[in-house]
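Only one chain comes next, encoded as structure tokens, the form predicted on its own.
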């Protein structure tokens, strides 16, 4: 597994306690030493905390990799895979647990000999100081392969690990739907510096954004993803009213956001299809200006 952050840590701890053979790949010797000093990954779940001493190594280790779960941020994913690519076996599988769209396609194109499985997750998790992962909300994981609808045999391991999942023949629809939801909620929560629930006080901006996002989805042949988008956005805002969005958390903690793979991707798709999306374009401009003021990358 590449990446020991929130979702990656959640998957890793559950797989490890189920007895699934697993190694974490950490980015450098300093990070590996910190991990060893911590004694493993700690998972806080249902009010109970437990430490899992999952084996860890550096990218330059020589053990062959048959299945690689990439759980780092979208902007780091391709470079992270490149570091371990010499270790991939002939018929390896790469599982991609990234937000938005763009990084998955880039990896699939660069390593066509590996089967790339895309994952869309609605589980809630965040990382506290060090290697402590908090499971913050129940959700679901959809897995799929746009080029091969046949599910792999190892999905039974996810059952053993109590990872809620479903094989999705239309994984791109799931990813587009989540992208649109994130585009409607995350940037506004950053620009207004607010909890998700406070966005319910801005029905008009949300309505305009959802209309444009639905138009983009339909232009990309994602009719199901466009259906009922605004209603689901409002439902999620209500269900996560006390939460800060992941993008808001990134900005507050001085971390790079995934704007290029979320709102940026939606705006690029609109341009490619000749759509006028003034609300989305203005939102992207305002968000990028705010990121630059915070000294963060705007892509």
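Computed from a predicted structure; not experimentally measured. Numbering follows the first chain given and starts at 1.
There is another form of this protein, the form predicted in complex with a small molecule, and it is not shown here; the text below is about that form.
- prompt: So which stretch, 265-273, 38-46, 60-68, 242-250, is the one near the small molecule in the predicted complex (non-hydrogen atoms, 4.5 Å)?
  reply: So the stretch in question is 242-250.
message: So in the predicted complex, is the small molecule close enough to residue 114 to count as touching (4.5 Å, heavy atoms)?
response: So residue 114 does not count as contacting the small molecule.
message: Considering non-hydrogen atoms and a 4.5 Å limit, does the small molecule approach residue 218 in the predicted complex?
response: Result no; residue 218 lies far from the small molecule in the predicted complex.
message: I'd like to check something about residue 222: if you look in the predicted complex, is any of its heavy atoms closer than or equal to 4.5 Å to a heavy atom of the small molecule?
response: No, no contact at 4.5 Å.
- prompt: residue 181 near the small molecule in the predicted complex, any heavy atom under 4.5 Å?
  reply: Yes, contact at 4.5 Å.
Listed residue (209, 94, 185, 175) with a non-hydrogen atom within 4.5 angstroms of the small molecule in the predicted complex: By the 4.5 Å criterion, the partner-contacting residue is 185.
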